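In the form predicted on its own, a lone chain appears below as structure tokens.
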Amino acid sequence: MCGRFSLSVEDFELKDRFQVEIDPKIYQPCYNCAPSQRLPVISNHKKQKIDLYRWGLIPFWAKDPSIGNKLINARAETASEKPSFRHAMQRQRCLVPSTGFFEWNKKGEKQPWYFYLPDVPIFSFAGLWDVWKDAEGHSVLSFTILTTRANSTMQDIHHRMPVILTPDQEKIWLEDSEEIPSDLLGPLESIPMRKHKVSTLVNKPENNSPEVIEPIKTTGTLFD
């Protein structure tokens, strides 16, 4: 599961990291990216440009766009078999830039945690995208984030995690090929990941400030 993430960098940093064009008028850092928001995506059809897509995949054949509220994630193991994702898995893949993501410990009180890669400040999730048209012919671009089983850093918090790609894997993921290497969509273990507890500010999408990703303090101690 991946229901919240951050992208807390400036537009020029994204441009340098992914070697893409980005319109500064449409972009602003986001510490609390949430479903239904329009967020930066790099698609395999526009590899040199970042555009904004709605988080929550709306398949091209959908009669009601509200289906996107249920399709914010796709299981990497079965996406190629599911009607909602099968077409996109073959032809419409994308990168979802990120600087970290959140997950909630469901054992006892729901405590939010923040996960990030200290050696890779900006990374990407493997995603799928689609374009849906309403009755007036207006197009809506949307995306979903692929998930996989948890790695060693995640497993004591949640059994699933987003598929995080290395820079080399990003190029492979965006290739126009239906053949996907079997190890591409597994849990990230090759790059160190860290986590810390954060406040429940992240529970509300309208809370979008640096405080959302900062470690919480209790009696002067940082939890890690």
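Values in this document were obtained by computation on a predicted structure and should not be read as measured data. Note that residue numbering begins at 1 and tracks the sequence as displayed.
One more form of this protein, predicted together with the DNA, exists but is not displayed; see below.
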Location of the DNA contact in the predicted bound form, chosen stretch of 132-140, 113-121, 70-78, 93-101 [non-hydrogen atom, 4.5 Å]: 70-78
Just one of S36, N44, S199, T166 has a heavy atom within 4.5 angstroms of the DNA in the predicted bound form, so which one? S36
Considering the DNA in the predicted bound form, which of R194, H159, K49, K171 comes within 4.5 Å of it through any heavy atom? H159
Please tell me whether any heavy atom belonging to K204 falls inside 4.5 Å of a heavy atom of the DNA, as the geometry stands in the predicted bound form. yes
Given a 4.5 Å distance limit between heavy atoms, list every residue of 73-88 close to the DNA in the predicted bound form, or none if there are none. N73, A74, R75, T78, K82, P83, S84, F85, R86
